[in-house]
Every structure is written in C-alpha cells, then in structure tokens.
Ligand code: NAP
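Presented below, as structure tokens, is a lone chain in the form predicted alone.
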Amino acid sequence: MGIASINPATGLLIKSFEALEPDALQAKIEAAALAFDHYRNTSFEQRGDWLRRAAADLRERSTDFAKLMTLEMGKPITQAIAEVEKCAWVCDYYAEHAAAFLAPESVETDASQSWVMYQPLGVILAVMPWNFPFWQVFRFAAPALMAGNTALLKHASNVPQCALAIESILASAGFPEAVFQTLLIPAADVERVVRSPQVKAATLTGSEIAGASLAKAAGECLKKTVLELGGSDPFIVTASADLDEAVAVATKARMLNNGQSCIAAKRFIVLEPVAEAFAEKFVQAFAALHIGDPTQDSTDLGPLATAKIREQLHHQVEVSIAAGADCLIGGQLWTGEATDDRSGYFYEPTILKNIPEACPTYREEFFGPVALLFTVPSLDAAIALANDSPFGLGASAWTQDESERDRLIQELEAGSVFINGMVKSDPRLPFGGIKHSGYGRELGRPGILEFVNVKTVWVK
C-alpha cells in the first residue's frame, strides 16, 4: 500500500501519505547540505540546549507519543511510554557529554604541537525500522546532531506519523530549519539518496538484505556506513542459575515489543540438570501472558506489526514442527476469545523445543513471540550452540559460578554479553554486533565517533 499507517490490532487503514516526488526529495537533500554549512559552526552549548528542550518535550507529551507508536505498530502502551522516556534520556546524555567526547586530544610527537580533533562529516542518512520507532531514531539523532551533522531520516513506511512527529519535536526544540528532515519515500528511493553527493554517510537498522543493499551502494561511493541488523540472541541457563529469575527475565526478553526486537533473547539454551524444570516454568510463564488490545495497561502481548510478518512467522513455526521440533505451547494465529472479534495480526506465545539442525529454521531469526528451546549436556556444548549462528548481536547467560561467568564473557561471539540480566541498549554503553548482525557501534562515546572526521593536526 506504500506509505500508510495501518492499525495492526484491527488491520484497518488509519492514514496514507503521498511519497515525495523526485524534485521535492532533491530539494530536501540540498537543504540539508546548506543547513550543515552554518549548523556545523554552532556551539556544543547551543546544540545541547536544543536537545534538552527536545527531551523535555518528549517527557511532557510521553503519553501522546506512546499512543502514536501503539496505534501504528502495536507496541503495548506501557512499553511505548518507557520508550519515549528512554529517548529523553539519550537526548540528555549526549547534551551533557558530547563536548567532552569530542574535545581535542593533545599527543606528544616530534612536532611543536600535535593533536587529534573531531569534526562533523555533513549530511547523514538514517534508514530506521518500525519496531522501536522513536528510540531507533533518537539513538542516532542525539549523537549525530550533537557532533554537528545534519540528518535525513528514511523511516519504515508503516510508521510515517511517528517519523513526522520526531521531525516536529526537533524543530520545535529550536534546531535550525533542515537540520533534521523526514523523507517520506519508498525503499526503492534509498539508493538515490545514498548516492547523492551531498550525503556523506549512512546508518541502517533493519534486515540483512536491506543492510547489504545500502552498504553496496555506499561502498561504491566510498561512503561510511554503520549497520545494526538481525539477531538470534542466545540465552544460556546453567545449573547454578537462579531458575525463577531466569525464567521471569527469559519471558520478558522474548516477549518485549511483541517479540519483535533484534536484541530479544530468541534461543534458550539450558543445561540438562535444570532443563526439565526450566521448560515447565517457561511454559507456565507463557501461558499466563495476557494477549489483546495494546492500548490497555494490562496487555503483555499485542499484535505483530504487519500481516506479512505474522505470515512469515507462522510459516517458520510450521516448517520447524514438520521437521521434528516439539511445540510446547502456542503455534497458532491468535484470534481472541469467542466473543472478541479480532482481525489484527496477533500470534500465540509459542515455544518450540529442539529444532533439528538440518531444518532451515535452525539458524533463522524468528521475529515474533516464538522461543526456541534447546537442552545441552555441558557448558562447552552451550557455548558451541550459542556461537553456531550467522548472527552475533547480544547474549545473555545465567550462572552463579565465577569460572563459568569468565568463560561465557570470553567465548561468546557477540557485540555484548549480559550475565544474569537481559540484553538491552543503554546510552552509556556502545551497542552493535558482529557477523551478520552488522558493524559499527551506536551509543556511548564510540557511537558519536562513528560520524565524525578524526583529524590529525601536526604543527612545527
């Protein structure tokens, strides 16, 4: 249908939008480049003031913005409110720390003076996904704008109202005209923007296919990219783990955002001594989840974002079961209670046990409320299975044994390892993956350094 808001809880069209014509798109690109010429010379103090105003607006209108997210992509309202609050946090974080992160650094050499300085690159294109429609944008925008870059946002086509709202927030906060612009364009137009000489770099959060396509176009133009792609994160439970806490966090980690998160725990790898007990508690936790209207505070699990996503997820479940996997709970489209007319894109909380290695879904990412459960005989086997994946985004491991902890930290192949906790992003820590999960980092000091010129200065 193109660029349109469709309520995934009902399947009904909310509002559609016309895509930018080629001339209008080019005008926005050129405006971003012109804006950079003066914006790059603004002070950190001034940029920080604008970003703090944006944070204040986010907090003041958090419920309104949360409702917009829930309406467009089905996120449970309590999680949507938390997302808005996190966006305000990242704005305040970079407003406070950007100047120190990018301060010139003196280095002793054979010169009279030599130092390293950090300067903005110019116009940065951000291609962002629908699953965290505010957070994904602000975690890019806050450091990029504080560094002095200007930004073009190509948001997912099913969350156009979120994209326009973010542009409005930053404009109302005082950022100059054209410093941050939303591009309502189809995916087919992204390559044209990447190849525009005014655009100096690009970042993408999304699928492997989308990432490879953007990287190819940018590579041919010798432009910097940062990619945050898919994940099939392991969640390892050892015999020494606090089982009740592990099950509670495992359920939250799998069901967050209706199971549609790149860093969600997806493969639950449990050692034999506690496997049976974990599985029993895990099924009970899934059975207790409240599915339904995402606008209600009591809802744990809302709809998937689109009909296509639900169709793909169900196909993966059916393929897995046909190949020999056991379905411990769920495995079907959810249509509500007998008196509840649901035409939205709901799916039952599902646990598949021991997908055969020969099955195609064994190494695929499941983007929805489906957990994959595996039993292994030893820590060696757990680490081997965790690493037997094309992805390497995050990993969570549960143990009270110090030697096990040290091995898990050292040997798990991932951009982050969380011990006795759920994998999550934090403005203070770098975030990103390895292997097919992408490259580059967002957040922390490394995140703001991705889109600057690290310039060496030597003076005699």
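Sequential numbering from 1, following the sequence displayed. Here the structure is a predicted model, which is why all the values come from computation and not from measurement.
Same protein, other form: the form predicted in complex with the ligand, not shown, and the subject of what follows.
- Site annotation in the predicted bound form: the residue of Ala218, Ile351, Leu301, Ala156 reaching within 4.5 Å of the ligand with a heavy atom is Ala156.
- Among Gln79, Thr205, Thr225, Thr182, the residue placing a heavy atom within 4.5 Å of the ligand in the predicted bound form is Thr205.
- Interface membership of Glu365, defined by any non-hydrogen atom within 4.5 Å of the ligand in the predicted bound form, is confirmed.
- Remark: Ala279 does not count among the residues lining the ligand in the predicted bound form, judged by a heavy atom distance of 4.5 Å or less.
- A residue is said to contact a partner when one of its heavy atoms sits within 4.5 Å of a partner heavy atom; Val123 fails this definition for the ligand in the predicted bound form, lying far away.
- The ligand is not shown here, and in the predicted bound form it never comes within 4.5 Å of any heavy atom of Gln119.
- In the predicted bound form, no residue of the candidate spot (Lys75, Val84 and Val137) has a heavy atom lying within 4.5 Å of the ligand.
- For the ligand in the predicted bound form, the listed stretch (343 to 351, 379 to 387, 225 to 233, 241 to 249) containing residues with heavy atoms inside 4.5 Å is 225 to 233.
- Taking the ligand as it sits in the predicted bound form, the stretch 44 to 74 never comes within 4.5 angstroms of it through any non-hydrogen atom.
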